[in-house]
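In the block that follows, a single chain appears as structure tokens, in the form predicted on its own.
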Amino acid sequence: MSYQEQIDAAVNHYRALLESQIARAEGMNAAPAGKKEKTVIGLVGGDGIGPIITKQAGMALEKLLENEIAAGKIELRTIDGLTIENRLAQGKAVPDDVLAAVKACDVLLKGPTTTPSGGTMESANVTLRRELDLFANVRPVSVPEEGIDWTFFRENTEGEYTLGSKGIEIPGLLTMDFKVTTIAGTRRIARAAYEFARANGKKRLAIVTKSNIMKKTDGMFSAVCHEVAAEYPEIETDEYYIDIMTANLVNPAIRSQFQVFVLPNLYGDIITDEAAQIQGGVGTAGSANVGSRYAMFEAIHGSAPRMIEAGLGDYANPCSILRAAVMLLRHIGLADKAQRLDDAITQAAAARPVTGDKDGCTCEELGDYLVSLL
């Protein structure tokens, strides 16, 4: 195929992508579903260490929610099939029957999933965030002894991720991927961040972009965030480029000054792992993915294939998925139970330390002790 023919094919490909993204942007204002009498919590194990750690979180929820479950107010529902083997066999990031089961739930507690390297299969997380329109990824990080109390609001459905598997290739010469930023998508993540700051008495919010380089996408993200900021005059708004912010988070002289962050998808993905490491490692941090209708809560780390290959899966630290369960309980209005679980995690982690190897406790030992505290 000649270069001109490849260019023509790429233009047609881009036109279809642009049309789909215009339709997505125009459809963002659908009304959320009304409140339901019963809340269905889906438990999704995922891959690698996912089923191991998610089992412990499920046991903790079952213990904490035993009265609500008995009264028919809450249902815990196990969802199988979101494994790398099943996804590869069906050739879909999220198989149709699994997606239908997910959409029959209200909230999910999800273990990590493996994304195949190379090829065109999309991440299961990216697919779920798009299909459920989980536009806000919320990640808290706390190190009280150092004055760190951060909450990150990462836009979750746009940026480099929404079309990350749909780029263009001129074989043997070049490839191009696409980054998407919409006004509606940016406005709703900015508003979520500012509403959180106002509701929780936070006084500072940092907008984080690379708008000096990505002038169209990040430039618009910055502009829209500042428009929203004008509606919250009591909150001091700062703006930083992502590169300097990664440095600021490891600068003890200034990092305690930060409180709430709002940032595009890719930057948020990277910097929240850095923040979790400051807290004690990615195994200590949970993550919320929230939309108007659905919400998904998960560990921020991956499926740890190296641990599985080394025969150390039983020594995986479940604290990240347990912290995600705390966020889930708060989301469904059970703040008292969330605090009970949060306190028990801290106590159990101190009494039954999991180090990721045979020098520490197993995931099950920590989980059993945790349940005994509840």
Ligand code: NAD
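Heads up: residue numbers just count along the shown sequence, starting at 1. The structure presented is a predicted model; accordingly, all values stated were derived computationally and were not measured.
The next section is about a form of this same protein that is not shown, the form predicted together with the named molecule.
Undergrad: Even though the named molecule is not shown here, does Glu298 get within 4.5 Å of it in the predicted bound form, heavy atoms only?
TA: Result yes; Glu298 sits at the interface with the named molecule in the predicted bound form.
Undergrad: Please determine whether Gly280 contacts the named molecule in the predicted bound form, using a 4.5 Å cut-off between heavy atoms.
TA: Although the named molecule is absent here, Gly280 would stay clear of it in the predicted bound form, with no heavy atoms inside 4.5 Å.
Undergrad: Does Val138 reach the named molecule in the predicted bound form, with heavy atoms at most 4.5 Å apart?
TA: No.
Undergrad: In the predicted bound form, is there a heavy atom of the named molecule that lies within 4.5 Å of any heavy atom of Gly302, even though the partner is absent here?
TA: Yes, Gly302 is a contact residue.
Undergrad: Based on heavy atom distances of at most 4.5 Å to the named molecule in the predicted bound form, which listed stretch, 36-44, 327-335, 55-63, 311-319, is the contact stretch?
TA: Result of the contact check: 311-319.
Undergrad: Check each of Pro112, Gly185, Gly286, Gly159 and return the one that places a heavy atom within 4.5 angstroms of the named molecule in the predicted bound form.
TA: For this set of options, the contacting one is Pro112.
Undergrad: Can you pick the one in Asn125, Thr209, Asn265, Thr272 that has a heavy atom within 4.5 Å of the named molecule in the predicted bound form?
TA: For this set of options, the contacting one is Asn125.
Undergrad: If you apply a 4.5 angstroms heavy atom cut-off, which residues in 36-52 are near the named molecule in the predicted bound form?
TA: Residue within 4.5 Å: Ile49 only.
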